[in-house]
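The chain that follows stands alone, in the form predicted on its own, written as structure tokens.
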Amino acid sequence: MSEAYDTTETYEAEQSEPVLPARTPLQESWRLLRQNRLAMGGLVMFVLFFVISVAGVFLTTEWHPQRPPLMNPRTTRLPDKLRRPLARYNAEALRDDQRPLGGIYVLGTDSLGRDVLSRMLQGAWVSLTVGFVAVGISVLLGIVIGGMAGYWGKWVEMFVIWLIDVMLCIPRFILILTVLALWGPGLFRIMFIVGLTSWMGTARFVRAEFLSLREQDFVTAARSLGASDIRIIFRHMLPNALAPVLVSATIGIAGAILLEAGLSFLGFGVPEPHATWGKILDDGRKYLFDAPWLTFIPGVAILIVVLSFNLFGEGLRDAFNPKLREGEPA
């Protein structure tokens, strides 16, 4: 009787313990991402870069003609040219409206006496805009083209594969330089051209996902219920194929920022009066030994931002990888 009583007590105790609900795939991916310290470091740097870029818009933009910006990246101060970082301004030679914010050149000045900090803040917003808009264009094109190839297949898939192979055979940087040489540089032109020449990777990811999803039971059920092809693609298949697209877009932002910096360094980027990191780097190349901070500061900024996006993208790739969830407790 005592053994039966003990067994009943154990069974009742086990039944009284709360059963934790199983984690969703999104929660499991977030858990894996938080365990990746490099990816979380990249995410922190990305958020910091976004905050600095937005703050730079409000600090360096002239919102009203009678209200100059707090930090004007266009103001030239020839008496204070090539000043070192943390140097104070020349109080005797400069007027009150030419003084930097706080009276200190935090990152020094360039050959025209312009504040490097204000130009870096403006360049951060340009880099962020180019990265997100260009990647948005490429992701949109990649989803549409890759989705059509993966869903309909046959001659549509053959044509898309042929088009991707042709685009990959053409040197991307040379193609962009050629187009900009014919059209001329400009912020919107750079975003448009970079987006048009970087959709191939996203299209290949979406095509591969659609090839595996179009034979699933939920797609067959939606087709049997009379759903249109557009509804099946965008309502049922696309949400299940967004994980690799998100990873590709994150890494693509880093590539777009680096590409814009390279174009600006060569003189084909965003024209004046906008300041870009590549342009600041090009200006500092002429004074490499006299003012090394003009090269070091934008170079380190480009390195940190591109590295943070790459680390975060690699972390997303590992977090969305279903093989890493095998054997993990739910």
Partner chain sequence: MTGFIIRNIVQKLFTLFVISVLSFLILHLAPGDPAQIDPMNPAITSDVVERLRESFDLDKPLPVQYVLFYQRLFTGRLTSWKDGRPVLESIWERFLNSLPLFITGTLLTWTLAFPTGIRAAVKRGGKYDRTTTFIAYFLISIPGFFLAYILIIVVVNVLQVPVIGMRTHGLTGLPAVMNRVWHLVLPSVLSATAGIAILSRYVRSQMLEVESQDYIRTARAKGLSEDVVHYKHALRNAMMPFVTMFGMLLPGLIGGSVIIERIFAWPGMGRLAYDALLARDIPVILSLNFIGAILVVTGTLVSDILCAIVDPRVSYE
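Residue numbers count along the first chain shown, from 1. What you see is a predicted model, and the numbers here were worked out from it, not measured in a lab.
This protein has a second form, the form predicted in complex with the partner chain, left out of what is shown; the following refers to that one.
Here the chain stands alone, but in the model of the complex its contact with the partner chain, taken as any heavy atom within 4.5 Å, falls in 171-179 among 227-235, 200-208, 88-96, 171-179. Of the residues given (Val44, Leu70, Leu288, Ala55), Leu288 alone sits with a heavy atom within 4.5 Å of the partner chain in the model of the complex. For the options Leu78, Leu140, Leu101, Val166, the residue carrying a heavy atom within 4.5 angstroms of the partner chain in the model of the complex is Val166. Proximity of Leu316 to the partner chain in the model of the complex falls outside the 4.5 Å heavy atom cutoff. Within 4.5 Å of any heavy atom of the partner chain in the model of the complex lies no heavy atom of Phe49. Of the heavy atoms in Ala39, none are within 4.5 Å of the partner chain in the model of the complex. When contacts are judged by a 4.5 Å heavy atom cut-off, Thr295 counts as touching the partner chain in the model of the complex. Residues of 283-316 placing a heavy atom within 4.5 Å of the partner chain in the model of the complex, in sequence order: Arg285, Leu288, Phe289, Thr295, Phe296, Gly299, Val300, Ile302, Leu303, Val306, Leu307, Asn310, Leu311, Glu314.
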